[in-house]
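Structure 1 and structure 2 below are the same protein chain in two forms, each given by itself as structure tokens.
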Structure 1
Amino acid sequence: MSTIWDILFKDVITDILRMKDKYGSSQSGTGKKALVEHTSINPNASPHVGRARNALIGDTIVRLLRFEGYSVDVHYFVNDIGKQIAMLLLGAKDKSNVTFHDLLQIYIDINNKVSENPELEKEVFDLLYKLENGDENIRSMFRKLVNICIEGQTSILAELDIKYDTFDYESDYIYSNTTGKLLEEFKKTGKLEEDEEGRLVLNQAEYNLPMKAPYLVLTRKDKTSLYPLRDIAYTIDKVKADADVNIIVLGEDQKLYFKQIASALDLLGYKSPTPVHYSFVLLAEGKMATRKGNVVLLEDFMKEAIAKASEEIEKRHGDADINTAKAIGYGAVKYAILRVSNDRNVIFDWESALSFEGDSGPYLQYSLARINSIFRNYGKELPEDIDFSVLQDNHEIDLILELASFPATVKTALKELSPHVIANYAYGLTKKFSVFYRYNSVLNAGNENLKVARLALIAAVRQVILNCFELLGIQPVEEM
């Protein structure tokens, strides 16, 4: 008396248990290369949660691509040149032993000073001019400051298990005169013009971009480079790496700007990377502004999350293991940001971001911990032959349908480059598991056939939760 459900249970569960951490992957990237650039924070201060959204989306896309079998090269563009970093240097150069955590205040102070005293701006540009024209002393001062920043920023992200393969320094494009050669290329297109002030600008009228003036300014009047020129040079380098997939994660403030870059690339015959845009993180009381200092720093969010996790663990188990507290706290941090679709603003408020109940990272981990607990109590290997026809409860059917839809979910997430698809799926699956768990005992199922069939079912659930965790960068927790 075989039914459609028997077949579904048998096929899906056996597939999952056989394919393990590959279940859900269609291996569409086997033998292919992908290049992803994300984060690329200005080296001026500790990242706030808004910047973290870039890193989290980017990292999840990297994980999705690797899951699909792509060989992924993760790039970080270090913006170690330009007015902002020169200002930071101006603010820091008379101070000794500057550390990463001094930089935010220095940055805020110097911004205030310069806006009060425009004379200081000349010093800023003087620093830049010397830098671009090979002043070794200035150059090493910049590099030293930038490295303090990058080290500080990436160590915070590394703590969240977000890692990079390649750091590309923007200044290298000037030192190697790549920007100079690029200007020659643009000259050949006939679209490079010198404006009345002596700056070199690219005429982009033919691309009909929605802007008032169709010009991309590439240099200052002293012919020092502006960011777009360096960015184009860099982007061309990435395109030349000839990856099958080339992605860049950018805030929505870069939408139009990136179209300008893409147009410039098109002019030279290059295919531009695929941009993934996301909306900003807002505070309940308004916008975040680094210069005003009303930001939520990522590291503060992480610390609070660990503190909350430790507190919850102590409530239940006496003392808290720091690794477990980190896994739970960081899972909450990541999930709070990844659950929202890219094109919506994330409204950050401490209370819901640190909620460990319901639709949250810890909820997912808790489901996994419960499954682990059942297997610890069972203490044996599952038998080879399992009769799946005994599974016919509605809660079991809900679960198997959810499990069966995981591969399609991965495809959607990859097609739309939207991590929230995975986050929401993971919640939906664990919610169904929680309901199943409430109404169906596994170890006391009544008979051996039902018991092992349910064990196989939740083993499959466990595997798919683990696969979601791998994609979201959330650490599994054995017990909690």
Structure 2
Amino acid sequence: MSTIWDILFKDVITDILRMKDKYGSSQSGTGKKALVEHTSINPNASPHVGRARNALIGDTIVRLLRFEGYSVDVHYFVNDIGKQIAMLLLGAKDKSNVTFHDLLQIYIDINNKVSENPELEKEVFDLLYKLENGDENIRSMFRKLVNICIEGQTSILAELDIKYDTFDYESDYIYSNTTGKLLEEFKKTGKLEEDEEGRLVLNQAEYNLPMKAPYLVLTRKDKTSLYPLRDIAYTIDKVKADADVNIIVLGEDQKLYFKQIASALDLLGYKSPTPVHYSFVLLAEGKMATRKGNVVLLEDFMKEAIAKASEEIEKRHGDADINTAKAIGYGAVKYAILRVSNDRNVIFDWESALSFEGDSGPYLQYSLARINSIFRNYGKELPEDIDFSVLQDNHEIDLILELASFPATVKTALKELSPHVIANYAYGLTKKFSVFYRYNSVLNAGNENLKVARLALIAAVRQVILNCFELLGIQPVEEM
């Protein structure tokens, strides 16, 4: 007579092995559209490690949505027109053949020059004025420099398997006079005012925002637009795309700013996107910034990850394959960042991130490699008819309950837009597999029925770990 445990083992394992990479998905997004904007780094230099958290959280949310069946359009807002870009252009104007890797030093140098010679700011604002008033030569120079940076930034992120569908240029909202038309819309609300400096500002007093002066500044005194005006215009476009889900990933330092933008949208009758705010990535040096050059560049960080992963592999195997080193190094970085809830700072250190034991990416990859090794030693396909009633050990029960909870975990992660839910689940599953394997032999299980039942159980564990890796953007490693 079957027990509830027999039925649970059979149903869950059969479902996992049948559904494979679809197990865990309720397909709640079938026939629906999602729009996700993430990363959107200022195109003025190579990104630092802190910016990677935006991209990694955004990418995991995209993967969750696609796993659930949504058609997802991933947007990158190219901030190609602000003061920072004008400063970069000023710094690069006498240089030829500027490359992506030149930009950070150019940016640092021009910041220092402007600090020492404040009169240079006039040249910066002259460039912006010409840009906004139709100077085609200046527009071409801006776009060329910005595209060098965007291509460099996105190639670094593509190395981490993070990709984008749509690039939206901030400057297009000026060239099309969308910003001018938007100002007219705000005038009709009676909330657009000119302050004592001659700037156009939006009075947001009715929204009770936590700020001393309840004004959102939309233009400079010469009436050239500021970023918030262009951002509102862009966000309205995203809202008009009529996606079922509309998400933006922003640092926690942008919380007040986002409330201001959401209030401005509400004034015009638009619903704002759903924000996902995240805290910072901290190293021993503390918070990272670009302006003064005291940064850890993501590109250098990735190289360090490969080098350190190679060292660990060489300790174990004598030599290191570059693709394996990349998989382990990048996986370690991704997991170390994604396992922390969005609202907490990530305190990153290499020793724990690259550990093959404990709560780390390599530990998860090693668990998967161990299961792969068991199946290589088994050397054949599992039989179709398996007696699951022989699975009665408490460690086996712990594993099946964990596997059965994966669909609910996915649902929670998507509802909360929290990648750490998946990361923590993956760690919990691999821990339970490790305990099971310590106390229960698989290939030497004592009898054939128990052996194949346990093989089916760990095949299901392998598949769910793979599904977690796909959601987190971590590459599996066949052998470690």
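So that the term is clear: the rigid core is the largest set of C-alpha atoms that superpose within 1.5 Å between two forms. Every value quoted in this text rests on a predicted model; they were computed, and no experiment measured them. One-based numbering along structure 1's sequence throughout.
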### Structure number, where the criterion is the form predicted together with the RNA
1
### Core superposition between the two structures, C-alpha change of K212 at least 2 Å
no
### Message
Tell me whether G318 is among the residues that move between the two structures (Cα shift of 2 angstroms or more, core superposed).
### Response
yes
